[in-house]
Ligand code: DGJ
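Consider the single chain below, provided in structure tokens and representing the form predicted alone.
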Amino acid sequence: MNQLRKVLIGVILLLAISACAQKKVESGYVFISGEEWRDTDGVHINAHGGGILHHEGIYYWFGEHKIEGQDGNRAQVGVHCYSSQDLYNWKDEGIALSVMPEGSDSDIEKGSIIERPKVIYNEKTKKFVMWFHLELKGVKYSSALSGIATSDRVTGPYTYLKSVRPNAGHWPLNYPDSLKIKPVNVEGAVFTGGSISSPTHELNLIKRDLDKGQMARDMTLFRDDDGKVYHIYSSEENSTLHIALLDEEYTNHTGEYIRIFADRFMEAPAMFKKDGKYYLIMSGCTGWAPNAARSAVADSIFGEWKELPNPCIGEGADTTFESQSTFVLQVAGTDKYIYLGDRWRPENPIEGTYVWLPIHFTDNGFTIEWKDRWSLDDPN
């Protein structure tokens, strides 16, 4: 009986090891995308649509905590946090931002939608600041809000501050005067989240939302070398991206922002910088279904943005290897960059997995190629 128990324990351990996306092999740890990734306690990492903050030598991964079933597509628990020293082994740090109980009338009440949380550290205020896409409970995706929370500790708990529509009362820096005087014309317009019935310049969605603030759905944060922080988000019924400067506390917009790629319907933005150039990777708007990635480059963050081809190459490139972008991480102290993506499973969100792949830079942009397994020790 003892021998049988030993065999069963051995089989269970073997299955657990084989299910990890970060595997220890003879030569060291490797990333294996698309497989279940477990934390140091052996539990599936639950940090979807997330981002990573590197602080005082430790990486912190913040993401959406999912549960089983379709109710898991709404916030039932909050934002989860994990920590790691090497990007392979992740320790569960618990729930950084908790939803409020049902009936609390809080913006982040259980059953609201909290997506794509990103955290950044403010050296001036000594606060950790979290931004996320927020939809109020019971209104599906019509709120298009940005939620903000802060904490004195990187792992939390975070205190919810407020939700906003960005840049109320402010025109984009690159919005032509001819459109400022043009009337709003949205009567009869049809919005699907992936298309609109007329081009945005005809509808004048910026003017429609000028007083209450612009719509903000899929989002990320980017901190530039000069310490300025930008909020990048899908706006104008998902048709157009906005890049907006935050104030010195990182908790408000300054009113300075631009709109880029009007009517291109891009979401899931991730921004990064290399050798003085700014890059974006995004997806098209096809709901939970994966599509071909988009990419872009600019010499200045508020400058002229040039769209580049799909950066993914090889088999699976037309679906971004069955994933959607959420973040690009520069490995601390190196010239290595990692694409972070999610494989969504809307029918049972807890089953969603992660795709991490190395980014390679070219004279014309960057590329991402599928690798069955890879490590940070691999040559560029």
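One rule holds for the numbers: they count along the sequence shown, beginning at 1. These numbers were taken from a predicted model, which means no experiment stands behind them.
From this point on, the text means the form predicted together with the named molecule, which you will not see here.
Tell me, please, which stretch of 88-96, 184-192, 113-121, 220-228 lies within 4.5 angstroms of the named molecule in the predicted bound form when heavy atoms are compared? Only one stretch passes the 4.5 Å heavy-atom test: 113-121.
Within 4.5 Å, heavy atoms only, which of Y29, W344, Y337, Y59 is in contact with the named molecule in the predicted bound form? Contact residue from the list: W344.
Among the candidate residues G138, G303, G287, P309, which is the single one with a non-hydrogen atom no more than 4.5 Å from the named molecule in the predicted bound form? Of the listed residues, the single hit is G287.
Contact flag, E237 vs the named molecule in the predicted bound form, heavy atom cut 4.5 Å: Close contact is absent here: in the predicted bound form, E237 is far from the named molecule, nothing within 4.5 Å, heavy atoms only.
Within a 4.5 Å heavy atom cut-off, is S33 in contact with the named molecule in the predicted bound form? Result no; S33 lies far from the named molecule in the predicted bound form.
Taking any heavy atom pair closer than or equal to 4.5 Å as contact, tell me whether Q324 reaches the named molecule in the predicted bound form. Q324 belongs to the contact set for the named molecule.
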